[in-house]
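The form predicted alone is given below as one chain in structure tokens.
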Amino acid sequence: MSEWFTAFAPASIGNVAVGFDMLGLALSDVGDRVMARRTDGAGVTVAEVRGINGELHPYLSTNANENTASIAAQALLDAHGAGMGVELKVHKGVPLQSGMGSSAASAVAAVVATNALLDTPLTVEALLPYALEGEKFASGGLHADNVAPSLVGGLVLCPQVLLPDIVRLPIPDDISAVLLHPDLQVNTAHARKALAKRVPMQQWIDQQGLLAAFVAACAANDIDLLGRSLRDIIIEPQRSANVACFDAVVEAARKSGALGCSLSGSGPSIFALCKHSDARNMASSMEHACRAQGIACQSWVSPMDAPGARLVGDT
């Protein structure tokens, strides 16, 4: 059998508060790994899916038509590897239904590993449409705010109207992301269906203004403007009640110096942006607030310029 290629794809923060379905931020040190090798047959098969604990996953499917990794890899083969056979092994590092881009990380890692098997591999950016096919299966729509940052890293503007084009935004100086994951689950597809179908015009205008100000703040390295604009006045109020520890964690983050704090994706994870020097203390404060609500949790501190997906060793 041919050589295995292993790809790592990081978790991500979707929406980044101000940019629903349009902004995403990669995280360092947490993500999924997918191994791929060529086979004699045609099409994609999934040999195994393992969970965070290393054991075979109890319910993620190895059916190639029901797994985000294999769906994404098959989309790539359909376009650039007709007749090829590929076998995948998926090792999850991102909790499911966590608001950390779990399905996106699997899809991205799969296309990066499969791309390495092609006779003429594509550029990383060119893999976006194929990873999105896997994410579409999981979330029910064409949303790149987790896939794009997981693929290319950093802070990415990726509105659907511009796809497959994306914009990597400048990273402000001395800013870290802190992400807290409570031991809860929120189904992204269900959370999306529950959102109001209409919002008042003024509320939409205000949110668009905050998004524009946030992008301008990143470009100008204006930390004060970044902090004033990092707010979600439309989606967060509809979703935050589903996360029992949300208010307590946000209060703890703000008291620790957060520039802003909101849900990551549809939750339950909660992220904050802050100065590098405040990040470790803020993570501890957010964890303490969550555990005080009787909810177990873990946290990560990440630079805003965390790298995207890449080929790695098998360990």
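Numbering starts at 1 and runs along the sequence shown. Keep in mind the model is a prediction, meaning the values are calculated, not measured.
There is also a form predicted in complex with ligand HSE; it is not shown, and the following applies to it.
Participant: Exactly one of 262, 256, 266, 67 has a non-hydrogen atom within 4.5 Å of ligand HSE in the model of the complex; which residue is it?
Facilitator: Contact with ligand HSE in the model of the complex is made by 266 alone.
Participant: Pick from 80, 192, 228, 136: which residue has any heavy atom within 4.5 angstroms of ligand HSE in the model of the complex?
Facilitator: None of the other options qualify; the answer is 192.
Participant: Among 140 to 148, 111 to 119, 155 to 163, 198 to 206, which stretch sits within 4.5 Å of ligand HSE in the model of the complex, heavy atoms only?
Facilitator: Answer to the contact question: 140 to 148.
Participant: Give a yes or no for residue 91: in the model of the complex, does one of its heavy atoms lie within 4.5 Å of a heavy atom belonging to ligand HSE?
Facilitator: Output for residue 91 is no: heavy atoms all beyond 4.5 Å of ligand HSE.
Participant: Could you tell me if residue 305 has a non-hydrogen atom within 4.5 Å of ligand HSE in the model of the complex?
Facilitator: It does not: once ligand HSE is placed as it appears in the model of the complex, residue 305 has no heavy atom within 4.5 Å of it.
Participant: Looking in the model of the complex, any heavy atom of residue 300 within 4.5 Å of ligand HSE?
Facilitator: Although ligand HSE is absent here, residue 300 would stay clear of it in the model of the complex, with no heavy atoms inside 4.5 Å.
Participant: Is it the case that residue 74, even though its partner is missing from this view, gets within 4.5 Å of ligand HSE in the model of the complex, heavy atoms only?
Facilitator: Answer no; every heavy atom of residue 74 is more than 4.5 Å from ligand HSE in the model of the complex.
Participant: Check each residue of 13 to 37 against ligand HSE in the model of the complex and list those with a heavy atom within 4.5 Å, in sequence order.
Facilitator: Read in sequence order, the residues that approach ligand HSE (within 4.5 Å, in the model of the complex) are 15, 20, 21.
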